[in-house]
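A single chain comes next, written as structure tokens; it is the form predicted alone.
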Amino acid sequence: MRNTLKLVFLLGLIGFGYSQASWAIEGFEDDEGCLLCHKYPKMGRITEDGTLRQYYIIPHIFSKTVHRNVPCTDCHSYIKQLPHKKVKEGVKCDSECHSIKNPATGKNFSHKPIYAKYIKSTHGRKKVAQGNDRDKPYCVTCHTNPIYNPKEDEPPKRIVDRCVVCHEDGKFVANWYRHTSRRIREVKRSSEEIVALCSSCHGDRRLVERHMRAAKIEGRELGRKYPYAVESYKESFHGKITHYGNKKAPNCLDCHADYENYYMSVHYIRPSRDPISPVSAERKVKTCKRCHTYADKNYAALDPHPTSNKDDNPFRHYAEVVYGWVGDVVLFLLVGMAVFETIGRRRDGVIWKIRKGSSWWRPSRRGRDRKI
């Protein structure tokens, strides 16, 4: 068995030279030999709880990400040999890079500050979560989502032409653009994209019902609008103008994230009953004033998530029921009136046919048809 493993490993090293040559074209340097195994498509397994884990690395895609210059073992620091032992937990997003320095502090780069905010948010969860916490979004849920993380295009030629005047290296300019320029310019997603991203969880009926049952058993409080947050947003004025393409329509994060430090705040969403939440009773007026300059307490008291649910808004529920009855009665009366009029005209000898722009005709005593 040991000789077989040595042979496999030797063949892998031979193939490694080929892989290095082929992947070098893509700009991804695999100095640690991780692609010996992880280059094979569909590499993965199904865990004990039925979750599909993918371990395949796509070099030409990874080479365009912000992590392309980070050695694999900077994050996978527990890997000490090849083939490596079974991984129990894997990389967490608060891991520290040992080869990348933060130019502002001179320390090893780390996502710990923003991770510390996220873990305390209403979305916070551990990487290996248990129970209903597995429904919550981990970092990669959003940051590997095509809605949030679209394809990074090559820098415009005019930018490259300008930068190479001094920096003299087009490849350096392209890498700098992908990481820095793309973040300096406006990168907030459109309202439609944000709503689609949030709806992927909050619009999942089975997920919502699962958490409502758990909260009831545990005695926890959920937001009043939690059961129908997506449905009520789509019924609101904000949701309707978003649906019809208004680019400035407010989305979920426009209200639930703080504008004072937006990019940090989106990782620290708090429930509305928390005083620091932008939609709490203490801060709601200020939040409304971002768009509605003259908003006051009375204006902020309006429900931004209207719904016809009987338990949440009985007035609107019964108003819709009454208007539905009125519409049905009016339609019934109109149809009934048309039926009675038809019977009466047929009794008077009026026939139904399309002629000269009219559908009702009656023969006259002088032999000429009369139009009714």
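Since this is a predicted model, take the numbers as computed values, not measurements. Under this definition, the rigid core comprises the largest set of C-alpha atoms superposing within 1.5 Å between the forms. Note that residue numbering begins at 1 and tracks the sequence as displayed.
Just so you know, the form predicted in complex with ligand HEC exists too; it's not on screen, but the next bit is about it.
Participant: Tell me, which of K216, K171, H143, K107 has a heavy atom within 4.5 angstroms of ligand HEC in the model of the complex?
Facilitator: The residue from K216, K171, H143, K107 that makes the contact is H143.
Participant: To verify the annotation, which of these, V339, C37, V326, L333, has a non-hydrogen atom within 4.5 Å of ligand HEC in the model of the complex?
Facilitator: Checking each option against ligand HEC in the model of the complex, the one that comes within 4.5 Å is C37.
Participant: Does K86 reach ligand HEC in the model of the complex if we count a contact as any heavy atom within 4.5 Å?
Facilitator: Close contact exists here: in the model of the complex, K86 approaches ligand HEC to within 4.5 Å, heavy atoms only.
Participant: Could you tell me if Y244 has a non-hydrogen atom within 4.5 Å of ligand HEC in the model of the complex?
Facilitator: Y244: no contact with ligand HEC in the model of the complex.
Participant: Is T122 close to ligand HEC in the model of the complex, meaning a heavy atom pair under 4.5 Å apart or at it?
Facilitator: So T122 counts as contacting ligand HEC.
Participant: Wondering, does T73 line up within 4.5 Å of ligand HEC in the model of the complex on heavy atoms?
Facilitator: Output for T73 is yes: heavy atoms within 4.5 Å of ligand HEC.
Participant: If you look in the model of the complex, which residues in 282-311 sit within 4.5 Å of ligand HEC (heavy atoms)?
Facilitator: Contacts from 282-311: K284, T287, C288, R290, C291, H292, Y294, Y299, A300, L302, P304, H305.
Participant: If we fit on the core, is the Cα of A229 displaced 2 Å or more between this form and the one not shown?
Facilitator: No.
Participant: Does K39 move appreciably between this form and the one not shown, meaning a CA displacement of 2 Å or more on the superposed rigid core?
Facilitator: Where the cores coincide, K39 still shows a C-alpha shift between this form and the one not shown that is 2 Å or more.
Participant: Does superposing the core leave L207 with a CA shift of 2 Å or more between this form and the one not shown?
Facilitator: No: L207 shifts by under 2 Å between this form and the one not shown.
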